[in-house]
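Shown here is one chain on its own, the form predicted on its own, set out as structure tokens.
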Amino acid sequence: MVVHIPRNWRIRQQRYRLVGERCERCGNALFPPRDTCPHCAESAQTSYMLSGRGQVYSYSVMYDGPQGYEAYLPYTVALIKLEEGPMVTAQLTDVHPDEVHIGMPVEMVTRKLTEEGPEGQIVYGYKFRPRLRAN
């Protein structure tokens, strides 16, 4: 939908590069960026690019996905604990659901998420795949 184009533009830093924030007071990494640190309630934050590396904390296999995601079925949605601490929910890619396990090292990649509107606007964003090499 055309309505989503401005929203996609506003969150492009988060969606393509995992840009979060680091709290200047307590040092915790935050993702997505927030007005207030949930750990110490400090308001001023500094932009911070997360490494994109983490581990599968939990996951679920989707056999009946929402509209726009039918082409990926079955696919795995995982809760990823990033090396810097924040957790993100993301689709796993480049891995069969039977190969996924808790603690699996993963890394962020940019992939097609869906198509929107009658023109078929392609929306890209982050997904995670098994880590290709230990960094």
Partner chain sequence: MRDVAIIGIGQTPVGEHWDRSLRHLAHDAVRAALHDAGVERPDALYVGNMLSGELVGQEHLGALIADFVGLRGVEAVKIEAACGSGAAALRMGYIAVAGGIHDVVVVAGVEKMTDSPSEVITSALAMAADQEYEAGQGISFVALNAMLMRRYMHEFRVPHDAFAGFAVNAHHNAVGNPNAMFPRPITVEAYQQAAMIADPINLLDSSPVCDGAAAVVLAPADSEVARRARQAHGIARIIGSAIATDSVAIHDRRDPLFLEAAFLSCQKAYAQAQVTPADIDLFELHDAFSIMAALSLEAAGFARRGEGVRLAMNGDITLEGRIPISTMGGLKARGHPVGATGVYQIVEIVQQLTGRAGPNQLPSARLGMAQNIGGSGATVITHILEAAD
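Residue numbers count along the first chain shown, from 1. Quick caveat, the model's predicted, so the values are computed rather than measured.
Quick note: we don't show the form predicted in complex with its partner chain, though the next part is all about it.
No residue in the set Y16, T93 and M108 has a non-hydrogen atom no more than 4.5 Å from its partner chain in the predicted bound form.
Proximity of R53 to its partner chain in the predicted bound form: non-hydrogen atoms within 4.5 Å are absent; the residue sits far from the partner. Taking the partner from the other structure, its partner chain in the predicted bound form has a heavy atom within 4.5 Å of a heavy atom of I102. For the chain shown alone, E70 is a contact residue for its partner chain in the predicted bound form, at least one non-hydrogen atom being within 4.5 angstroms. Taking the partner from the other structure, its partner chain in the predicted bound form has no heavy atom within 4.5 Å of any heavy atom of L82. In the predicted bound form, the residues of 80-95 lying within 4.5 Å of its partner chain by at least one heavy atom are, in order, M87, V88, T89, A90, Q91.
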